[in-house]
Each structure stands twice: as structure tokens, then as C-alpha cells.
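The data below hold one chain only, encoded as C-alpha cells and taken in the form predicted alone.
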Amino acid sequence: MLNQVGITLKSILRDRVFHGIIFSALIFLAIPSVASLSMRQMTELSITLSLSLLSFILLLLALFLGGTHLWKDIERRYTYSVLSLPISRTTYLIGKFLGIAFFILVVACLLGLVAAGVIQFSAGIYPPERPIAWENIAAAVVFDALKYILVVATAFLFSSVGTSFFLPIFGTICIFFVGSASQQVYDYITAPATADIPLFTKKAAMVVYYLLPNYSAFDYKVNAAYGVPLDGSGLLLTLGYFVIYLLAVVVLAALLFEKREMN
């Protein structure tokens, strides 16, 4: 499995799509100029823009690496040669997933360091009224990485049954947008003011809420930008949710991939 992880990392580094996405990280250099337009909250805006750009880059990486990597191997018939060796389909799938997940985590840490430099530079130009909550920023970066590892797992789930890259890419995008808004929908339908909503609609929304990943639970940008204290129990709950949901999705993807016919 470790050998498969290494092969996956090498293939990612040679991928032109990866080079193009990483090149977009140069936009970080423009953040201090944009943030300077808000003289009163320059640091807060710099934190928000930096974390938003980091999140966007990780989303692109998760979509294209998670959604196309397995499909490319099958199209190039690399998968067939690997599976002819004494290696199971599950080991092959999990090895590729772990390689991409590790890569997402490393890129998140590197971009987090770049974001920290941009934030510190912005704070030097216009000192903030409150001290920068660096621990909140670190938590926001780490949990953002965990969120996009879940996105990769979802893409692998679609890739395990899809015969082209359309289902993994567009299926994962749909799940991502629905999962990002599921918490707001849940809060709305459970509010006392929405008692007139039909019971069937509420039940259907609840089923979707519990089945799909709740990506909004991993968003700590507000805590990072405005120094809102982090809830330790909330962090642990989110981390536990990540582990349980990730295991469920990866196991399901492995089971489906084992049953898939290779023509």
C-alpha cells in the first residue's frame, strides 16, 4: 500500500492540472492590495481572503485529483497491470486515496504558511485592534484540509462505479454544494417559525442532512478572522465526525470497486 501511495504522489507532481492549480496560488500576492481597500478591517479581510483562496485551491485539487486520478489509470490500462500483481483492488484503491489525501494535507500546510505571511504583512501595514488569533487560523487551515479529504473520498466513491470522469467530477460538485448548505437548511426546517412546512418535506430534508457530508461543520473562517474562541468539544466532535464518515465512504467505495467489472 505504501508503494501505491508513493506512485500516486509522483504521478500528481507530474500532472499538468496540478501545476496550473498551484500557479493560481500567486493570487495570494494580491491580497494585501485588495485588503487595503478596507482600512478599518484590513487584517480581518486579509485573513478571510487568504483562507477563502486556500479553500478554493484545495477544492480544485480535491475535485480534479479525486475525480480523475482513478479514471485516468483505468483509461491508460495502468490499473489492469497493477491488479495483475499480488495486490487486491481494495489495497490499490486505498493506496491511491491515501496518496491524494496526504498530498492535500501537505499543500494545505504549505498554503497555510503562505497565508500566514500575507496576513502578517497586512497586519504590519495597518495594525489590527485585536491580536491575531494564530491558533484559530491554524485550526481553520487544518479543518479545511480535512473537509477536502472528505471531498476526495466522495470523488473516489463515484469513481469506483463511474466509467468516465463526468460522474466523479459533477457528482462530487453537487454533493459539495448540497453538503455545504445542509446545516442552514436543517436549522431552517427545525426552527419554530417553520411549523407550517409539510411533515414529509421535513423528514426528507432530515434524511438528506444525515446522509450527506456536513461540510459547513469544518468552516472556522469566522473564528480565525475575528478571534472568536474555539470550542474544544466542538472540534473533537467534528474530528470524530470526519473519521466516521471518511471510513464509511472509503469502505463503501472499496466494496463497489471490488464488484466492478474490468473490461
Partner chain sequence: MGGVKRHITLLVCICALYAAIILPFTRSMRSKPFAEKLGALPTVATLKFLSADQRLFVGSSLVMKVIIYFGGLTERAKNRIIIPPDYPAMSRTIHTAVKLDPYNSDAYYFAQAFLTWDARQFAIANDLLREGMKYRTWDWQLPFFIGFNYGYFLKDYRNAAHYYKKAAELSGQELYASLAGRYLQEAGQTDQAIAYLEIMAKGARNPVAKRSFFIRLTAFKRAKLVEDARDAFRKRKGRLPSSVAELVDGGFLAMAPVDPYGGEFFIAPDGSVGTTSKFAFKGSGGQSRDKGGAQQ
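Nothing here was measured: the structure is a model prediction, and the numbers come from that model. Residue numbers count along the first chain shown, from 1.
Form predicted together with its partner chain: not shown, discussed below.
Using a 4.5 angstroms cut-off on non-hydrogen atoms, would Phe158 count as touching its partner chain in the predicted complex?
Heavy-atom contact with its partner chain at 4.5 Å: absent for Phe158.
Evaluate Phe176 for contact with its partner chain in the predicted complex, applying a 4.5 angstroms cut-off between non-hydrogen atoms, and reply yes or no.
Phe176: yes, in contact with its partner chain in the predicted complex.
Indicate whether Leu45 is a 4.5 Å heavy atom neighbour of its partner chain in the predicted complex.
Contact with its partner chain, yes.
Do Leu63 and its partner chain share at least one heavy atom pair within 4.5 Å in the predicted complex?
Answer no; every heavy atom of Leu63 is more than 4.5 Å from its partner chain in the predicted complex.
Select, from the options 97-105, 110-118, 164-172, 179-187, the stretch whose residues sit within 4.5 angstroms of its partner chain in the predicted complex by heavy atom distance.
Among the listed stretches, the partner-contacting one is 179-187.
Mind listing which residues of 238-259 have a heavy atom within 4.5 Å of its partner chain in the predicted complex?
Nothing in the stretch sits within 4.5 Å of the partner.
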